[in-house]
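Here you get one chain, nothing else, as structure tokens; it is the form predicted on its own.
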Amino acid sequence: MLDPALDYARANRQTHLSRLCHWLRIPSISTTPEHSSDVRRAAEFAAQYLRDMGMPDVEIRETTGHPIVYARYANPQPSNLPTLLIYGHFDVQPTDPEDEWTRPPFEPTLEGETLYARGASDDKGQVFAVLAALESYLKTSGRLPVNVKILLEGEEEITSPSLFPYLRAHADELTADAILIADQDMLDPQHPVIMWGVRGNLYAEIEVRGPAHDLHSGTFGGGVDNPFNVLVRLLAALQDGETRRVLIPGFYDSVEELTDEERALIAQAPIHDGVGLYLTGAPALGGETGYPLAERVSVRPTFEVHGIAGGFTGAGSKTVIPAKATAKVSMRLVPRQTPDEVFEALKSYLHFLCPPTVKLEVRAIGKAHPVKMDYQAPAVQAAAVSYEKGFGHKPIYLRGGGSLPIVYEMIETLKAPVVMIGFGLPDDRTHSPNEKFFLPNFYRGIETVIHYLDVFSKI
């Protein structure tokens, strides 16, 4: 089964690229209501592609939001083959700022070996690599080497609000021996990565209200507390200016420290200050003192301010004391920290610091739990073997700095190990203008998944 599938994938590269481009032309932006029909079209494309390749059981299932594509393949023999649940998403980010795109975001553009389009790397291109691997088996051998379930959603870019209740309601149906997610970056075109953890996140909004309405700063300045002044003092009190440690009482009490083995594993990745400076363009790097860059961006908690609103920000001047000022902040969390506990600590500390001259409200907007996986699990090690077969190099093991709420939810609900792989690159500009996908990675990704299905069938 393996060699014919590999031969098919290599012989049909242009066909796979053409179908991927068709999918990329659908502007499936999940966050804007005007694109709801496009998200559905993207679901219909995926469902039809699965039917065309020979998947026997394919459905588009409705949710309270965008639809889910579910498919199932049960190998007729033998009955003891393992079951793999494949997860991915077909929704994409908005394209603003539009004027920074040098190519049309929904008209795939091929330049050399690079494909430019919104969704090319996140996540249509990577999902399609997995689906093309399934097609390569079904079109040559007529069957897959393992039992497969497929779950594709259209709301990942808006934190999957419909998927979480769907998982809980269909947990028995989605039971699997492992869950495969292809939505990650490699270090470079030669060196693949296996993610064995992601940070959690608490996203909050801090609102300070002062006078009943905006005031003239000449008339009332010095007589009332300016909400902006109070807000920036509160924000400054949340982080030490020298060590960059978060100053919320108890914030680090439950932080899990690395073992020597875990620290050595992270140190293998070529993530150093030179790389950080190159990728960010910053004049110098920052972050919590006492930890190398590879740990600061993956296994240490953080505090960030994302936006401050209120008052006057237009051209020219306006001497106004605003009635209110608002800040959006987030904290990346690491294992043993929980979003609820951190939120309560944040709220309590801010109310303790806040003067009686203003009113304070702290609201939680988004929450995600941190996750750490067993990188020695057989399903994960099967991915390591498959990466080496597909790319010619052993993978690097990393903990991800971002947050994937669905990973925690899947582990908690389905009680199966999650295998996190991917074929993107760090400079693919996902969520930014001119998103791209390196096509040699796309083709090698298809072959890697073909190998994975073979290796997974034997564990």
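Counting begins at 1, following the sequence as shown. Here, rigid core means the biggest group of C-alpha atoms that superpose within 1.5 Å across both forms. Since this is a predicted model, take the numbers as computed values, not measurements.
One more form of this protein, predicted in complex with another copy of the chain, exists but is not displayed; see below.
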Query raised in the report: Out of the stretches listed (209-217, 384-392, 139-147, 338-346), which one is close to another copy of the chain in the model of the complex, meaning heavy atoms within 4.5 Å?
Result: 209-217
Requested in this report: Flag residue 164 as yes or no: does it have a non-hydrogen atom within 4.5 angstroms of any non-hydrogen atom of another copy of the chain in the model of the complex?
Outcome: no
Query raised in the report: Within a 4.5 Å heavy atom cut-off, is residue 191 in contact with another copy of the chain in the model of the complex?
Result: no
**Report entry** residue 56 within 4.5 Å of another copy of the chain in the model of the complex, heavy atoms
**Finding:** no
Query raised in the report: At the 4.5 Å heavy atom threshold, is residue 272 in contact with another copy of the chain in the model of the complex?
Result: no
Query raised in the report: Looking at another copy of the chain in the model of the complex, do all three of 96, 288 and 356 come within 4.5 Å of it through at least one heavy atom?
Result: yes
Report summary line: If we test each of 169, 309, 110, 267 for a heavy atom within 4.5 Å of another copy of the chain in the model of the complex, the one that passes is 309
Report summary line: From 81, 232, 255, 373: within 4.5 Å of another copy of the chain in the model of the complex by heavy atoms is 232
Report task. Quick one: name the residues from 300-335 with any non-hydrogen atom within 4.5 angstroms of another copy of the chain in the model of the complex. Result -> 302, 303, 304, 305, 306, 307, 308, 309, 310, 311, 312, 313, 314, 315, 316, 317, 318, 319, 320, 321, 322, 328, 330, 332
**Report entry** Threshold 2 Å Cα movement between the shown form and the other one at residue 143, rigid core reference
**Finding:** no
Query raised in the report: Rigid core fitted, is the C-alpha displacement of residue 219 between the shown form and the other one 2 Å or more?
Result: yes
Query - Core-aligned CA displacement of residue 106 at least 2 Å between the shown form and the other one - result: no
